[in-house]
Ligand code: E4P
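Just one chain follows, in the form predicted alone, and it is written as structure tokens.
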Amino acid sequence: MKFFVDTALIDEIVELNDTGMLDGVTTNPSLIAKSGRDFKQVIAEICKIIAGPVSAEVAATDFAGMVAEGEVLAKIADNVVIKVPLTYDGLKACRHFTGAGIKTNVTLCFSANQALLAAKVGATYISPFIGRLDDTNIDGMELIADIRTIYDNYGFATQILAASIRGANHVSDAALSGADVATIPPGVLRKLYDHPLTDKGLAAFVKDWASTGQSIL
């Protein structure tokens, strides 16, 4: 499974990228607003840090506006992925970008039918929002599994990008359900390697080593 980090904060991206765990970055208008910085400048900086895909979302909601904005964003760097909403106009825009050889991320997916449509218009990524589904007492992982089955049935190349991840269990569950990618908030990403038994075991090793009085160096 590929790991994308869901943030627009440059310092966090640099820190996590240095670990070698990151395959890409996703952003959205809300994350950019929290950063308090110029949108295009932030995207350009991220693209210089990350070699993998960087999702940049259009602000327009109509087809012509999405195309105009997406074409501007695509010129920022070769690894920009244009993020469009899963609406009628968003699907039309996705088809346009796909035809132009520009990668796309169709976001705000909440049903298997929506995911099927995104694949048919050639989306590079489909982003089902599992956390928001869980908030409405609908199992987001069932949606991931359903999309996986549909895509495999018909050989669609669209990658399933599990989004709206709320905790570490969402990551492993998404992997088990067949997601190709998980886009993860920085705090959740750090929790993936955190376990009390690891800490306990390491403390014991350190204590036992100290008792030997030895040094490796």
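Values in this document were obtained by computation on a predicted structure and should not be read as measured data. Start at 1 and count along the sequence shown; that's the residue number.
The form predicted together with the ligand is left out here; the points below concern that form.
The candidate spot formed by 6, 83 and 129 is fully in contact with the ligand in the predicted bound form: every one of the three has a heavy atom within 4.5 Å. Comment: the ligand is not present in this chain, but in the predicted bound form one of 190, 48, 40, 166 has a heavy atom within 4.5 Å of it, namely 166. The partner is absent here, but in the predicted bound form a heavy atom of 28, alone among 35, 149, 172, 28, sits within 4.5 Å of the ligand. In summary, the region of this chain contacting the ligand in the predicted bound form, judged by heavy atoms within 4.5 Å and restricted to 61-69, 157-165, 172-180, 40-48, corresponds to 157-165.
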